[in-house]
Structures are given as C-alpha cells and as structure tokens.
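One chain comes next, on its own, written as structure tokens: the form predicted on its own.
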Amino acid sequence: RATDRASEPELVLVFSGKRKSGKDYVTNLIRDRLGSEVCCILRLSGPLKLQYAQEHGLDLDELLGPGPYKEQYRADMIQWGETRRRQDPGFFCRLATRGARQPVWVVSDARRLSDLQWFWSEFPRQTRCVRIQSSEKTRKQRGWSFTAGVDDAESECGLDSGVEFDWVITNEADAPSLEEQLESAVTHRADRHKHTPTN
C-alpha cells in the first residue's frame, strides 16, 4: 500500500496505445525533456514479467527485450497476468509504483480499465490519461503484424472504447510534431507549480 511508496507524485501521466504505436518512444521523450530527477517511467509490464519469469523459471532479460523469446511466451503470459489481475486488480500497479521517488510518474503501458481505475482511485488529483495513436499502416512499417490471441485480447483492446482520455497524441510522420503535442501535458505541470501559493 501507500507505505511502500517513497513519496506522493505531483503528476501521474498514464499512457496507453496499441503495439508499435510508439508508447516507449513518446514516454522516453517526456522523461528526457523533464529530466530523470523530475520524471520516472513506470512500466506495469516490468513487474508482470519479473513475477512470470520467477514462477516459470525463464530468462527475465530476454522477456524484457523485443526479440522472439518474448513473443513465444506472450499469449501465456497474458493469460497468467489476467488471472493475477482477477484476484487483485491493483497487483501490478502497486509493484510498479513501489520505490518511485520523482514528482512526475509516466506510466508507459496501461492496458486495461482496471489499470486506470487503480491510478484514479489512488491518485485522483494527479492522474491524467494519455492515448498514443498510430495507423495500422504506420504500425506495420514499424514491424507490427496482427497476432490472434494477442492483438484481439483485452491487453490490446481493453482501452479502445469507453475511456475519456485527457490527451490523445498522434504518432505519425504527417501529424504535428510530438514536441508540439506533448506541450500541454508537460506545461500542465509547470502551470500547477506557478499557481501553487508559497507561504
């Protein structure tokens, strides 16, 4: 629970998007812009893969990487994660946020409504939800291809509808620059500081 956390964040940006939409690229951009003293990237899939690797005797580094090793376990890992979440919807969120000390948390890979609900309930004031969008054509150019049991599972489709995102960012060559689109999310924090009364 909250006692595991080093401090309360000032801002929690929860990102979601399809495979190869560029979530990692965009979240890294934000961290680089704000600096790692101010901003940390939290991955919900990190603790999931760690637990899964430990329980199944697998190579964690390979599971965390982009290669074929991860793909061969992906479908089973998704099922295993679903079971864990049904038992305890906040299980992976709690693990991911443990020890986070920076004022800005960037959650790079929310996949389900239960992920968002956990952050909304734990940090109602601070949480903002951001959707990264890319066309199928662009995602294919980045190496995506449809995989049954993965791309039609809740882990990919759970946030496709029914969520009002605070910001939607289009990660395409012909879209406005990411810097421009991220401006509102990043200046949101600066504005909050500006309006905080000092004693």
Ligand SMILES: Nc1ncnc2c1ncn2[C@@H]1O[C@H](COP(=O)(O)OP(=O)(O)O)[C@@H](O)[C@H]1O
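Numbering starts at 1 and runs along the sequence shown. None of these values were measured; they are calculated from a predicted model.
Form predicted in complex with the ligand: not shown, discussed below.
**Student:** Is Val186 close to the ligand in the predicted bound form, meaning a heavy atom pair under 4.5 Å apart or at it?
**Tutor:** Close contact is absent here: in the predicted bound form, Val186 is far from the ligand, nothing within 4.5 Å, heavy atoms only.
**Student:** State yes or no: in the predicted bound form, is some non-hydrogen atom of Leu178 no more than 4.5 angstroms from a non-hydrogen atom of the ligand?
**Tutor:** Flag for Leu178 set to yes.
**Student:** Might Pro9 be said to contact the ligand in the predicted bound form, defining contact as any heavy atom within 4.5 Å?
**Tutor:** Heavy-atom contact with the ligand at 4.5 Å: absent for Pro9.
**Student:** Is Arg142 close enough to the ligand in the predicted bound form to count, meaning some heavy atom within 4.5 Å?
**Tutor:** Arg142 belongs to the contact set for the ligand.
**Student:** So which residues in 44 to 64, when you check the ligand in the predicted bound form, have a heavy atom no farther than 4.5 Å from it?
**Tutor:** Read in sequence order, no residue approaches the ligand (within 4.5 Å, in the predicted bound form).
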